[in-house]
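In the block that follows, a single chain appears as structure tokens, in the form predicted alone.
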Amino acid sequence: MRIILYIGRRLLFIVPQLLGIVLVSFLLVKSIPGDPAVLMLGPTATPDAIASLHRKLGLDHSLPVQFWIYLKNLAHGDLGTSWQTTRPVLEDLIQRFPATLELVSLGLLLAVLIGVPLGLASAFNERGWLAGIANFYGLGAGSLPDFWLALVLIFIFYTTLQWVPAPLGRIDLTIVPPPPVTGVLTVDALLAGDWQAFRSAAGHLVLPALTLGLINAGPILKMTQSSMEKMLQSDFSRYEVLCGMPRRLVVRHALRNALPSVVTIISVLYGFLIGGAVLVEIVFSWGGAGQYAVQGVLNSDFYPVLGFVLFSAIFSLFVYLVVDLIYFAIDPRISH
């Protein structure tokens, strides 16, 4: 019952948060220069044709009226239609969002596998050589642009060594993709028992996931290191040492108290990477939701941008709800 009440209190804030996000996004998107009617009809369009399309798209109304119309359509599950793909935005995002989630999830998993062990190891021995490497790596990873690292990895592992497939999409052009079930090619290939498609999809995942993992391991490393150092130097850890408790128990208790900070930075990175992986998607022609939204911005196709923001917001809020439950599991006192 305490967990249900705890979740209920968190869910109360989701609707106003989404409304605020949609409002701000709508105003920002509408401030982007460019007339979609002109782009749709071409440079030879007459003023009468442009005005007619404005009326058809509802662009002849004021901003508050346009926003109200968008909210009414949104309540019926209509996110609008992209004039670039001529398809409903909801269908486009359902098709493309799993590609972004696949890339971001694997990249973040690699970041955790790199950052957390390095952070723990450097916290145990602050003056050791491993701590020096961790400090250098943490600073370097935070200063490198992800698209630059992606290009370097492509040059080394594809152009020079030929160890990975060409950075063009999610699967080789000569291989038929597996039947879509989850939208994640590696999972769909496993479900279909298509090992050739699985090897191809996994090979295409290596470099983009490695790029995101190497870049985002830095913040996780620094947070893990600083949190563990603080916990190991705290009064309760010193008291446990003085009492003669085994070192593994001291470390275990310190790690338990440091976990909320580590979980927080991981959750923030997860939500950030949904939109932050856009440049990596473009470099590798990934075809995910982020690349779809960027094309919408460049072509004044507003509905894909708003749909992507809404999808990302819902996903981020879901991640934060899961993080709240993890906090509750680590320390049930926070529910009071």
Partner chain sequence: MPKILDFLKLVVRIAQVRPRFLLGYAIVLVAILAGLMAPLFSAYSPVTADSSHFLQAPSRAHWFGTDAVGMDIFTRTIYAPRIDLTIAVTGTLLSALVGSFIGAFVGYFSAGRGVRVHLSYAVMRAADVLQAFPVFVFAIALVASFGQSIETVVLAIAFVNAPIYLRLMRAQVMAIREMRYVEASLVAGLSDFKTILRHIIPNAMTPVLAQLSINVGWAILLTAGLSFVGAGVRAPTPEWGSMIAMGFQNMVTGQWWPSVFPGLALAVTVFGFSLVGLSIEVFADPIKRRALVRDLEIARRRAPPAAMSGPEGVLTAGEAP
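Numbering follows the first chain given and starts at 1. Since this is a predicted model, take the numbers as computed values, not measurements.
Beyond the structure shown, there is the form predicted together with its partner chain, which is absent from this document and is the topic of what follows.
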Stretch in contact, per heavy atom within 4.5 angstroms of its partner chain in the model of the complex, of 132 to 140, 88 to 96, 202 to 210, 171 to 179: 132 to 140
Are all three residues 127, 148 and 297 in contact with its partner chain in the model of the complex, where contact means a non-hydrogen atom within 4.5 Å? yes
Given that its partner chain is not shown alongside this chain, does residue 31 nevertheless sit within 4.5 Å of it in the model of the complex, heavy atom to heavy atom? yes
Residue 158, heavy atom within 4.5 angstroms of its partner chain in the model of the complex: yes
Mark residue 283 yes when one of its heavy atoms lies within 4.5 Å of a heavy atom of its partner chain in the model of the complex, and no otherwise. yes
Does at least one non-hydrogen atom of residue 278 fall within 4.5 angstroms of its partner chain in the model of the complex? yes
Heavy atom contacts to its partner chain in the model of the complex at 4.5 Å, residues of 3 to 30 in sequence order: 17, 20, 21, 24, 25, 28
